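Heads up, the chain below is alone and in the form predicted on its own; it's given as structure tokens.
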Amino acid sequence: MRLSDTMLGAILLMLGLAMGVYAYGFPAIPGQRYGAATFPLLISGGFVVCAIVLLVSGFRASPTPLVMRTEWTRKPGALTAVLITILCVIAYIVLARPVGFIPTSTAILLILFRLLGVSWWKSIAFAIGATLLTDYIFRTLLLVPLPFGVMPRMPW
């Protein structure tokens, strides 16, 4: 699937405006010249500028469909794989806190590895190994708290 410059510009413009409106309401930091909204507003401004460039180039170019199906979308199961990936992201958002990072991430990685055609044993080994490695890196080295959920605390 491919989006035209006009369509991309329109989406980027809406995203930039929405982010700017949302960030504008961030509170100021007492004693600071720059508040919490500074960087989101700068980024949203960059989005709007890029959107305008894309919209102008899209209108100047020869007329093309706003959305085109590319060759990979015609392969059997390609759109199903995209849908499953999106559902896995939604499942992580919903389940990570009550169930925990380790079981949720392991299950999602197992599903995605199987979706890519990796054998069962390799999928299980890679899903568990990648999840434990990610948990160790985030929890111990980066000091980012990941949700425990139903899992007991790991030794690291």
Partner chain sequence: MDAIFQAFQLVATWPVILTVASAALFGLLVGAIPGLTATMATALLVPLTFFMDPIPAVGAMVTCAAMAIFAGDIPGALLRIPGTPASAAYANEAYAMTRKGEAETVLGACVLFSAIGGLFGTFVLIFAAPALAEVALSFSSQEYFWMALLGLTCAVFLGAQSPVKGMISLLIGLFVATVGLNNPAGVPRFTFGSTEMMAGIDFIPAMIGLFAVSEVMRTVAAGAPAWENVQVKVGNIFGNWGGMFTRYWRQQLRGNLTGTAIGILPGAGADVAAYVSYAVSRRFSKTPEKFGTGHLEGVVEATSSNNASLSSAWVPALVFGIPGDTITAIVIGVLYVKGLNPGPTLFLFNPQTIYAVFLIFILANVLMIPLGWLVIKLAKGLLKAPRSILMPIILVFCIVGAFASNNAAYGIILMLVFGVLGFFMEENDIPIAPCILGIVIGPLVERTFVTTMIKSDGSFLTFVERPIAAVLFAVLVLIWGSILYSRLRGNREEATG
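C-alpha atoms forming the largest set that superposes within 1.5 Å between two forms make up the rigid core. Values in this document were obtained by computation on a predicted structure and should not be read as measured data. Residue numbers count along the first chain shown, from 1.
Omitted from view is the form predicted in complex with its partner chain, to which the following refers.
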Applying a 4.5 Å heavy atom distance criterion, does Leu8 contact its partner chain in the model of the complex? yes
Is Ile124 close enough to its partner chain in the model of the complex to count, meaning some heavy atom within 4.5 Å? no
Test of understanding: in the model of the complex, would Val56 fall inside 4.5 Å of its partner chain by heavy atoms? no
Do Met1 and its partner chain come within 4.5 Å of each other in the model of the complex, heavy atoms counted? yes
Residues in 72-97 with any heavy atom within 4.5 Å of its partner chain in the model of the complex: Trp72, Lys75, Ala78, Ala81, Val82, Thr85, Ile86, Val89, Ile90, Tyr92, Ile93
Comparing between this form and the one not shown on the rigid core: C-alpha of Val48 shifted by 2 Å or more? yes
Could you check, with the core superposed, whether the Cα atom of Gly16 shifts 2 Å or more between this form and the one not shown? yes
